[in-house]
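Only one chain is included here, represented as structure tokens and corresponding to the form predicted on its own.
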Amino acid sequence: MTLFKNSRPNPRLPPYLIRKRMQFKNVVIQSLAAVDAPVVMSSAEISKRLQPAMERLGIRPDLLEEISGIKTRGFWENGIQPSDAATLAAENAIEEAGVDRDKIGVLINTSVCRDYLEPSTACLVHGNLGLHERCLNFDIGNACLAFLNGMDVAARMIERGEVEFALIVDAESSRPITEATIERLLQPGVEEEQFRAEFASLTLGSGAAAMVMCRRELAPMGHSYLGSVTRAATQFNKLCYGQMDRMVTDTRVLLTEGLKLATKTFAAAREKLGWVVSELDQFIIHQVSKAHTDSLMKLLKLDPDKIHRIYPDLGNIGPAAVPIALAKAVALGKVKRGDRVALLGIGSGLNCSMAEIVW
């Protein structure tokens, strides 16, 4: 579990905001909480379970960890639903914020994983938390980009004065798809093409995150959310698609086209948010794997010391990756008061969003 506490006012904020072209002038992050899934599954263990299929297909046993760079990932204990994990993260974020939960005006769930097709996972979390009947609640689904989208929707509502406090939650559970994929790939009729198409499913991890956002005057020591830019390349909407028990991915083309879209989005951020790479203090990246992270870092000429990597221990946690990576970077002191923090997300579809926080 990772939490942060607001400490002192941001000394860099006033002059920076005077110069900045912002979408949001009145929105801050008041608290952030991240919860790690407790059951650890190593890539070596997954490869051992898949050994009969890998030997039959001539695939080397260390391929999963070698390509992805993922050593371990977490699972929730049996019986824990996405709404349960999201509720746990939300309780931590509410406690950290010290906000009266009756004042929360909107709850947005952004998880790919969900308990049911209906009702929404948001309404389950809303009920678990005992939020007020006036609190709007709904799911946003946009693959690995959804948490960033949720922040943007909440910020617009806060900026317009529709709500004072917003709660964004996410919980991903990779145990069901990992177990189903292993069982399926062990079937004797599986060929190498199918094995490789479903291989990315084995990189998925579990985790939960929650964030409280509010109007600036309600949390003067909060962290400014300045805005975001988004670009789409939806002609590539079939490069990665999945259900709760199966995901099919063209990893090579997905990486190539995702990097092209990231380049366009980063150019838009330079123009609309005034980004200069050397002036940004930390880059919080949605992390799929080693190949994805290293390729994006090289393409955008990012300083490796400004990127906190979580994929080796947690795998690809979908939309929870950005808030969890941010929470962990803050806890380790890699993000400090006054830092300009860039959030970079890419989701299958393809969609890409980049946002800025002044911590």
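Values in this document were obtained by computation on a predicted structure and should not be read as measured data. Note that residue numbering follows the sequence shown and begins at 1.
Just so it is clear, the following notes concern the form predicted in complex with a small molecule, a form of the same protein that is not shown.
J.: Which one of 40, 63, 53, 44 is close to the small molecule in the predicted complex, taking close to mean a heavy atom within 4.5 Å?
T.: Residue within 4.5 Å of the partner: 63.
J.: Residue 67 versus the small molecule, in the predicted complex: is there a non-hydrogen atom within 4.5 Å?
T.: Yes, contact at 4.5 Å.
J.: Evaluate residue 258 for contact with the small molecule in the predicted complex, applying a 4.5 angstroms cut-off between non-hydrogen atoms, and reply yes or no.
T.: Because a heavy atom of residue 258 falls inside 4.5 Å of the small molecule in the predicted complex, the answer is yes.
J.: Look up in the predicted complex whether residue 203 has a non-hydrogen atom within 4.5 angstroms of the small molecule, and give yes or no.
T.: Residue 203: contacts the small molecule in the predicted complex.
J.: Residue-level question: is residue 76 within 4.5 Å of the small molecule in the predicted complex, judged on heavy atoms?
T.: Answer no; every heavy atom of residue 76 is more than 4.5 Å from the small molecule in the predicted complex.
J.: Looking in the predicted complex, is the small molecule within 4.5 angstroms of a heavy atom from every one of 81, 85 and 129?
T.: Checked in the predicted complex: no contact with the small molecule for any of the three.
J.: Can you tell me which of 99-107, 216-224, 155-163, 239-247 lies within 4.5 Å of the small molecule in the predicted complex, counting heavy atoms only?
T.: One stretch meets the cut-off, namely 239-247.
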